[in-house]
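Quick heads-up: it's one chain on its own, the form predicted on its own, in structure tokens.
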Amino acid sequence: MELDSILLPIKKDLILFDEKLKENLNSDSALISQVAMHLINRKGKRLRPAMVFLSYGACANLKVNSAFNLQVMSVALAVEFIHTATLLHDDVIDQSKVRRGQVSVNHKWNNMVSVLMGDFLLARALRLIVETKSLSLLSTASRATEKLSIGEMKEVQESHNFDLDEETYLQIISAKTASLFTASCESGALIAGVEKKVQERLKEYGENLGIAFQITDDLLDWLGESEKTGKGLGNDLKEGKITLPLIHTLRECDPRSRKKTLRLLENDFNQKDFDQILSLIKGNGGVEYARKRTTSFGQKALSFLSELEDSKYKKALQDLVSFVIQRDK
């Protein structure tokens, strides 16, 4: 199922979101405005703001556009700004030249501009959350941002660690990716004013969906089509990021295959080496295992929606699970 079809219940919300996004990127700085236009032109999936709208709608089951609630819109904008800021900082760390199929900010301008633009977006996100006048929403957003940063640092710390175990890998992606998914869903439930038990279920849904999303993302680094993903294959490996398909392979393969794989990994490998490593991963069930884990986390995410009242918003949250597991970009 296409993402646009899944998000039809909040189509008007997302249209208004895009308008508010442009408004909130206005600045007296000409350079900030130039970078902002560049970012707007490389529009992403808007998954995190969509989850704010959908979680709110699923809890409140509104008959009017949820985006007209000031708090909902402010949080949706804030999580998108936090997410975009981390991408800008990531591109500097990874020295990326491409992001979402177009030239990255650090490559079009320079690292300083990319870092400072990321800082601007984080500051704007903070202002938006403060304007909600909700200490609970501020706490949720700040905890998620802190956890995200810790996850990024942990990933750097474990770079090129070929002994990385699955548990540590899951801790990293839970922090660096799932934290914003979790905050988005929790915030929607908070604004709807539902009981704590429902808030916790939406949080768990978001965390498990976020983990499934990142495992799929890691799989696409091995198997995706550059035209769809907007980046080349093997980028994570070149940057020293050890992901689940490789973790499983190094854990399960015979000593001879492990030694061969490590020898290829420890050198500055080329495309031929990448193809050999990928062949070893496929041969040792690394791809199949990662896909099973993605499905497992997706199913777990679905289980936390079971007690919500049926609505078009709940259906969209359910369909998002299938999209995340099956996506090819």
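The first residue of the sequence shown is number 1, and the count goes up from there. Not measured: the values here are computed from a predicted model.
The form predicted together with a small molecule exists for this protein as well; it is not shown, and the discussion that follows is about that form.
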| query | Is every one of L8, R46 and D319 in contact with the small molecule in the predicted bound form, taking contact as a heavy atom within 4.5 Å? | reply | no
Is there any non-hydrogen atom of E207 lying within 4.5 Å of the small molecule in the predicted bound form? no
- Query: Does H248 reach the small molecule in the predicted bound form, with heavy atoms at most 4.5 Å apart?
  - Reply: no
- Query: So in the predicted bound form, does any heavy atom of E152 sit within 4.5 Å of the small molecule?
  - Reply: yes
Note to self: Taking the small molecule as it sits in the predicted bound form, is E158 near enough to touch it, meaning that at least one heavy atom pair lies within 4.5 angstroms?
What the structure shows: no
With the partner omitted here, the residue among R124, K241, R258, H107 that in the predicted bound form has a heavy atom within 4.5 Å of the small molecule is K241
Partner-free chain; cross-checking the small molecule in the predicted bound form, the single residue of L148, L164, M73, L137 with a heavy atom within 4.5 Å is L148
With a 4.5 Å heavy atom cut-off to the small molecule in the predicted bound form, the contacting stretch among 249-257, 185-193, 79-87, 127-135 is 79-87
